[in-house]
Ligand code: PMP
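As a starting point, one isolated chain is supplied in structure tokens, in the form predicted on its own.
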Amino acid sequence: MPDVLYINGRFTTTDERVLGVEDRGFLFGDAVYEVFKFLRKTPIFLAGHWRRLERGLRAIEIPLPWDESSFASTMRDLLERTACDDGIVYIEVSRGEAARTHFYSDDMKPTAIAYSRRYTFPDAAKKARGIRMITQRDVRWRHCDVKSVNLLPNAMAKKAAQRAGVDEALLVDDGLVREGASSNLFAVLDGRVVTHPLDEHILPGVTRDHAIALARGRGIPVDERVIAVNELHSASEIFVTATTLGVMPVVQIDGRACGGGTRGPLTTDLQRALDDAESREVAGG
């Protein structure tokens, strides 16, 4: 069944081919994207996803196709037209379409698309079982704080993980942990939750922000600092966060068990707290 598709102010379905061959998102990766989760046709943490999209577009000087109010209205309209109750919405805004040249006009009209897709989120068994990772060298560009569509290094790292029979790749730069190929990483070290600070090396994750707030709300100290790879061996728990994963325990990295190879109590508590926060979003409509 085709998904609902929004393109530049109108709705259609993903059966319709809508992008021109000279759209700069296609030719240059000159675009920013966003993904949010919806449950019972209710967007989850939509304001946080808007803020990240807005920051990314401003950072690479693409005009905003919406303000926050029209963005929220458009996304809710899209979800009303969606056949499934639970899933994800993918959004992409490119600089627009023009004759192929590296230089671009300052008055280009952006291309804005969004479409819904059914998605099966991790169940209780998966949340308890956790994931395994391998380390991969981080060869991404130095503006990882912008959620651009330039994801070739991430895709190659993910493929390496798949070939190794694991779930995710942990990107490492000169012995320093950055983040997962599509997730943010946290380690519990001496009773403190530690994660990479917000800078050009990592994406500012919406679920990351909620995990930090939930931990601090429980009186758990959180340090935002760089983690050395060898510190992971002494972590009592490791977990990642992402829109499609929530809070997910990491039980193995490069074949070595993390935190005894099982989900830890702090990770379990944060999983439940995030589930509760999402339930409140749904209840609030």
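A residue's number is simply how far along the shown sequence it sits, counting from 1. All values derive from a computational prediction rather than experimental measurement.
The form predicted together with this ligand exists for this protein as well; it is not shown, and the discussion that follows is about that form.
- Among Ala161, Ala215, Ile91, Val206, the residue placing a heavy atom within 4.5 Å of this ligand in the predicted bound form is Val206.
- Checked against this ligand in the predicted bound form, the candidates Gln136, Ser116, Ser183, Thr195 yield a single residue with a heavy atom inside 4.5 Å, and that residue is Ser183.
- Of the candidate stretches 126 to 134, 76 to 84, 207 to 215, 187 to 195, only 207 to 215 contains residues with a heavy atom within 4.5 Å of this ligand in the predicted bound form.
- Taking the partner from the other structure, this ligand in the predicted bound form has a heavy atom within 4.5 Å of a heavy atom of Asn154.
- Put simply, Val251 is far from this ligand in the predicted bound form: not one heavy atom of it is within 4.5 Å.
- Among residues of the shown chain, Glu179 is one whose heavy atoms approach this ligand to within 4.5 Å in the predicted bound form.
- Interface membership of Arg95, defined by any non-hydrogen atom within 4.5 Å of this ligand in the predicted bound form, is ruled out.
- In this stretch, 66 to 80, not one residue has a heavy atom within 4.5 Å of this ligand in the predicted bound form; the partner itself is omitted from this view.
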